[in-house]
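Only one chain is included here, represented as structure tokens and corresponding to the form predicted alone.
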Amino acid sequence: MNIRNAPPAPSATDLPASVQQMIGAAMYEEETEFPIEIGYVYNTCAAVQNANPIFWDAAVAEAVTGGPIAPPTMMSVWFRPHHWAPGATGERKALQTHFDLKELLDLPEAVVASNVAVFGEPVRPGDRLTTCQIVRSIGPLKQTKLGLGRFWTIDVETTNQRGEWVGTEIYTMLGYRRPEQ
């Protein structure tokens, strides 16, 4: 299920024009810095003690999935920037759109309220993935226990080098300002 063309949800009407223009727009398209590596898969599976033979045994992977795959839950791993890379400048952040919204809406604090992942084609060693971030909705100002803020939803859509949809991670965040003490 590719949700890239899903219509944006209704959003608050008091948003600055620069923020309104972000809703429904694909932003920060980027490609993985290196092809998917089986070593990362092994390290991740070892770290969480995932003994599923699909990830460890080539014969099982071939029989079940047509060859080696990465655990679907690793989808966001491939886009976490290294703290340093040759030629990179400035601070490197995952989910940059979220940080843009915090700044543009003057909401310096934030928490992840929910995260849902929907998976498509499996990620295989050697794949090169591309992702983009799409703001789906931004809610009205709301008083919460944490402070005055807004909820927003960002989809992170991922495709492989063949243009096949790999999956979408849906983040709902609460950006807020702490009450004055």
Partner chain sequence: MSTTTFRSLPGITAAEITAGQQLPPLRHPVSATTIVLGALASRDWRPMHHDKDFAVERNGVKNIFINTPNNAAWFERYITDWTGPKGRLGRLRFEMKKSVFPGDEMCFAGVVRELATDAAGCHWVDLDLTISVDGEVRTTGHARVAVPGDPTDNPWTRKGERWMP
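Treat the numbers as computed from the prediction; the structure is a model and nothing was measured. Numbering follows the first chain given and starts at 1. We call the rigid core whatever largest set of C-alpha positions still superposes within 1.5 Å between the two forms.
What comes next is about the form predicted together with its partner chain, which is not displayed.
Although its partner chain is omitted here, in the predicted complex all of Asn52, Ala117 and Pro122 have a heavy atom within 4.5 Å of it.
Taking the partner from elsewhere, Val64 is found to have a heavy atom lying within 4.5 Å of its partner chain in the predicted complex. In the predicted complex, its partner chain lies farther than 4.5 Å from every heavy atom of Thr153. Residue contact with its partner chain in the predicted complex: Ser137 places no heavy atom within 4.5 Å of it. When its partner chain is considered in the predicted complex, Ile36 lies well away from it, no heavy atom lying within 4.5 Å.
Contact annotation for 23-48: residues with any non-hydrogen atom within 4.5 angstroms of its partner chain in the predicted complex are Glu33, Phe34, Tyr40, Asn43, Thr44, Ala47, Val48, listed in sequence order.
Fitting the two forms on the rigid core leaves the C-alpha of Leu104 displaced by under 2 angstroms between the shown form and the other one. In the core-superposed comparison between the shown form and the other one, Pro81 has its Cα shifted by at least 2 Å.
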